[in-house]
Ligand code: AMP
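What follows is one chain in structure tokens, specifically the form predicted on its own.
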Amino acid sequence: MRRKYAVTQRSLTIVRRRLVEMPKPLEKLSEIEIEKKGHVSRVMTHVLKYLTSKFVDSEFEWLLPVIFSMSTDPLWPDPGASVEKRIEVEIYGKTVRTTLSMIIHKMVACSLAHPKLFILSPNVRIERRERSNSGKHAYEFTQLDFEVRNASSEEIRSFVEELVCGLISSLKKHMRTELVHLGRYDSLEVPDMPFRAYDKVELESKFGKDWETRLMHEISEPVWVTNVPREFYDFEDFEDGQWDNYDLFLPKYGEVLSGAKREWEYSKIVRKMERDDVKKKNYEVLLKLAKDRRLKPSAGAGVGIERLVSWIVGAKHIGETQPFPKIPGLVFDL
């Protein structure tokens, strides 16, 4: 009986591995694969053009990204984070880290100089090797980060819904040839608004700890997940324990956007840092601004561009959307 069980488990493992074929380096693609890569790239170009134009037209300021900093996203205690290694180097006698996300910079820039901003920000997150087969993870990816001073979560979510629906409509109109070739023209539909919203507590009660996987395989349109316990910068109501944040989930591809109303009060930020064992010395500028009451209320989000495009084109692995795939556990020559 034991042997039969072991064989079954092994068979299941083999099947899972076969479900996601690892993307190849660019130089090893066949002519047919290169043709497909071209279609994906043209869709990516349209997505970037559409999104950045909409932000500029909505009077957002386009900022340049930060690569190294003493202060970046702690990704803690977010249960969804799976960083195997944090890249640190010494520059001019100071220890700096590669950008995990530009959340700290967004909050500071939005408070002091740029009330509405967006950035195409490279993120370096050395994911655990076992995530290579998820098809959804890359150890380098680009995030469209944006932030709005004095905005509410409802305003940000409404803006995102209009952005997603407008994008799909535009793709169907202008990228028909590419979507037909990729087999997505008929199945990619403009979602209904407003998107349905779920409370994370209710999802965990219904599906258990694996609620994220269960959810993304049950939905047929983008949905919101709210009230997710996360890092110190997401707004938390200490009285009722509710978090004023939101993640956007895509069918089969999971979370594509993470956002929230932000904390701005010094006492709350310090209390949460101490509770979560976050090193305050890494966030001295943010803390000083909060203490001096120069940190302003804001709300925003970050969109994973490669995961968004993966959903649009029906990619089997997120690496298919990258010219030079960055797959957990694999390092190609380029």
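As the structure is a computational prediction, the values presented were derived from the model and not from experiment. The first residue of the sequence shown is number 1, and the count goes up from there.
The following text describes the form predicted together with adenosine monophosphate (AMP), which does not appear among the structures shown.
Note on contacts: among 141, 224, 235, 159, the single residue with a heavy atom within 4.5 Å of adenosine monophosphate (AMP) in the model of the complex is 141. For adenosine monophosphate (AMP) in the model of the complex, the listed stretch (146-154, 123-131, 164-172, 215-223) containing residues with heavy atoms inside 4.5 Å is 123-131. Within 4.5 Å of any heavy atom of adenosine monophosphate (AMP) in the model of the complex lies no heavy atom of residue 117. Adenosine monophosphate (AMP) in the model of the complex is not approached by residue 315, whose heavy atoms all lie more than 4.5 angstroms from it.
Looking at residue 104, you'd find every heavy atom of it more than 4.5 angstroms from adenosine monophosphate (AMP) in the model of the complex.
Proximity of residue 300 to adenosine monophosphate (AMP) in the model of the complex falls outside the 4.5 Å heavy atom cutoff.
Residues from 247-281 that approach adenosine monophosphate (AMP) in the model of the complex with a non-hydrogen atom closer than or equal to 4.5 Å are 255, 256, 257, 258, in the order they occur in the chain.
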